[in-house]
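In the block that follows, a single chain appears as structure tokens, in the form predicted on its own.
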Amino acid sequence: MSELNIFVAGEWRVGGGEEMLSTFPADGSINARLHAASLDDVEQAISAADQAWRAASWRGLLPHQRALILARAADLISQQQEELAQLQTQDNGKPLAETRGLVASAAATARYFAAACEVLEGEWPSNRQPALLTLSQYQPLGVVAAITPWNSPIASEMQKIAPALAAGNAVIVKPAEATPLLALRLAQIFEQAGLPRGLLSVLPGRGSVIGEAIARHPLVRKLSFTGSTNTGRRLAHIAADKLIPTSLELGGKSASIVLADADLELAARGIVYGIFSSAGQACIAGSRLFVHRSLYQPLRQRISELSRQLRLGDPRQPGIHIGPLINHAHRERVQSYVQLALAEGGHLLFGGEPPAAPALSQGSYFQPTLLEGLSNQARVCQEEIFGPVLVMLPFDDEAELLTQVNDSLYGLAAGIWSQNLGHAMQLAEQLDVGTVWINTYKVFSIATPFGGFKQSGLGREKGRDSIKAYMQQKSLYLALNPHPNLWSD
């Protein structure tokens, strides 16, 4: 167990707030102790950030010079990949196979936005008046708040830090209370990469205290948040009151759709991965499964077979598919949804409770769970569970299917399984979601925008243009042949 400092305006120091613990979800042991940020820490970090982004040492850098810092950070992440993966596994309980991928994703994100920074261009609109040249350029917003979740810390944090820095801003990171370790390590990495002091601070603490104080601070000019819809809605109100932009990646109740012509094995394996990887703790988890009635029975059997082969256990060990949930309180919440489904008339096909193995009794493990016999109106089909719980629902025709899939407050993602790609594309266009996978699930590209419809969020992360979400546009008018402005004469 280690004692950690927080990172405030380029200085490592003991936080002024209450004591916090990072615990290993597999057995409840303590990874590290630290003190949360205080309101004074918030004030100092944001004041320093506002000075730092305005300084010539940052604002005056050419794009390729900012890009160099991001590239160095990417190299340092790659060099420390195994150590960082182990650290994230300790912090949130994801199996090493997953955390290694998330660390690699963070490095790739830094490299991508280093490149995007170098090729970002202004605009030269077409001439609408004689002897007048108009130009449009992009400039940084200033101080940006990045509020990140516990389920994929290093990847989520880099998806906000990298484009914000590439755009020339300063960044205040508020990591999730349960998982502060990776954000603090990223601060070390950017410090080693040569990022000027004050441009990055990491302020762990309660969202209701530290997150709220950061969001409401008058010098913070953008809020970027990934997390629950309720918290996102609150932050959106704060942003509206301040008249500042916000990016919100929120909850989901994503659907997997299996059409009558689907490849059964391909669909079964993709569905199992889409809901049970990360122990279902993913906003894009495919938690509703709509299956054409002709394939319902064979697909149910194959999903059951595959799910029973999944290995739960210590996420540090090789060959483990599913680690623990983030903590016991969350496990109780997930189990309460299974009990609710049964009360609503659902049938439990497997899972539905913690594993019985004594070796797993200290951790917050929960078995992969499959339910059926419910309508799409059931609460477990409408509310985000954020755990390894899948509900199967049969359908007979696509009009009925579309109505049910789109009947959700959320609109984050969906998957379609069909051997007719043209037909699948037509169906995808009618889904009210931000991302659709066809014959695959839960794969990403940093070059492809990601975000949700409806209450799954606002704005987009990833993609080359997402750097502009951390900038503001300025237009310039140049008189090429100056004459006095005409007035009454």
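The structure displayed is predicted, hence computed values, not measured ones. Numbering starts at 1 and runs along the sequence shown.
Quick note: we don't show the form predicted in complex with adenosine-5'-diphosphate, though the next part is all about it.
- Exactly one of S364, T89, T226, S277 has a non-hydrogen atom within 4.5 Å of adenosine-5'-diphosphate in the model of the complex; which residue is it? Of the listed residues, the single hit is T226.
- Go through S375, T403, S208, Q309 and name the one with a heavy atom inside 4.5 Å of adenosine-5'-diphosphate in the model of the complex. For this set of options, the contacting one is S208.
- Contact label in the model of the complex: I147 to adenosine-5'-diphosphate, heavy atom within 4.5 Å: Taking the distances in the model of the complex, the answer for I147 is yes, it comes within 4.5 Å of adenosine-5'-diphosphate.
- Message: I'd like to know if L235 sits close to adenosine-5'-diphosphate in the model of the complex, meaning any non-hydrogen atom pair within 4.5 angstroms.
- Response: The answer is yes: L235 has a heavy atom within 4.5 Å of adenosine-5'-diphosphate.
- Message: So, K174 and adenosine-5'-diphosphate: in the model of the complex, are they within 4.5 Å at any heavy atom pair?
- Response: K174: yes, in contact with adenosine-5'-diphosphate in the model of the complex.
- Indicate whether adenosine-5'-diphosphate has at least one heavy atom within 4.5 Å of a heavy atom of D261 in the model of the complex. Contact with adenosine-5'-diphosphate, no.
- Which of these stretches, 393 to 401, 293 to 301, 147 to 155, 131 to 139, has heavy atoms within 4.5 Å of adenosine-5'-diphosphate in the model of the complex? Result of the contact check: 147 to 155.
- Message: Where, within 73 to 101, is there a heavy atom within 4.5 Å of adenosine-5'-diphosphate in the model of the complex? Residue list please.
- Response: Not one residue comes within 4.5 Å of the partner.
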